[in-house]
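Next up: a single chain in structure tokens, the form predicted on its own.
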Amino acid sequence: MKKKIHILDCGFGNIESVKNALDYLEIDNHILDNLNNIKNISHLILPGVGNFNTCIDILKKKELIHQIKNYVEKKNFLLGICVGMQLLFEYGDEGGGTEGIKLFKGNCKRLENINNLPLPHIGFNVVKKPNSLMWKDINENSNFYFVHEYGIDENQLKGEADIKYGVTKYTNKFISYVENKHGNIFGAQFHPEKSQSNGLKFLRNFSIL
């Protein structure tokens, strides 16, 4: 059964694209700018576009970091997209460096500038997926759409046995999907709302958790 999905509008997300994808899937959704009434929220998307440091500053000014932590502590579902995923980690180097929301261990750093590949990383690329309900009906090594210059290196989550994650190779291997041990906090470095049929399946799977 599809659940109602709330989209958190913090002023830095690709809100309309996410909403349009959910509308296409006929998933009931609502845009909000705070989490003051989490009793009515079970599924939340945190989209992100822009600079890690700037986005964290906005969350602080709107007193949303505590609200987000309180929301997930109640085992509600959260999906961070692109910068929205990066913010879930401990620290981000972009914009001079600042602490993140700290729901996952790791430091978000600029992708390595090797093999003469252009940065930012833009376009479709393969995600080596984990075994997770979020990937139901999505084929192994499917393509998703990326637009980013910073990411979490694969090595930062090696040894974290309770964390499920997917990996993508560009200049270096980076974490393109992450899921906590309780199965209620998820991050996608890619944009599911721009990833055609695979991305739509991903969003649909989130809606039926």
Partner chain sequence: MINKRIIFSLLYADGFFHLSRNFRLQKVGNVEWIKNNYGFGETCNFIDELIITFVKRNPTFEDYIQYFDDINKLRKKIFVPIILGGRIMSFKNVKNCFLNGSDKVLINTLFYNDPGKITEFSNYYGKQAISLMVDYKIINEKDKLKFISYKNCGQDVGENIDEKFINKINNLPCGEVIFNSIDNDGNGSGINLDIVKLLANIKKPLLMMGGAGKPEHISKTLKLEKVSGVVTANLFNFLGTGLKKAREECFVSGIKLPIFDEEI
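Residue numbers count along the first chain shown, from 1. Quick caveat, the model's predicted, so the values are computed rather than measured.
The next section is about a form of this same protein that is not shown, the form predicted in complex with the partner chain.
Comment: the partner chain is not present in this chain, but in the model of the complex one of 61, 158, 169, 181 has a heavy atom within 4.5 Å of it, namely 169.
Residue 147 is the only one of 38, 44, 27, 147 with a heavy atom lying within 4.5 Å of the partner chain in the model of the complex.
Using a 4.5 Å cut-off to the partner chain in the model of the complex, each of 51, 119 and 125 places a heavy atom inside that distance. At least one heavy atom of residue 94 is located within 4.5 Å of the partner chain in the model of the complex. Taking the partner from elsewhere, residue 3 is found to have every heavy atom lying beyond 4.5 Å of the partner chain in the model of the complex.
At a distance threshold of 4.5 angstroms between non-hydrogen atoms, residue 13 is in contact with the partner chain in the model of the complex. If you take 184-209 and check each residue for a heavy atom within 4.5 Å of the partner chain in the model of the complex, you get 193, 194, 195, 196, 197, 200, 201, 204, in sequence order.
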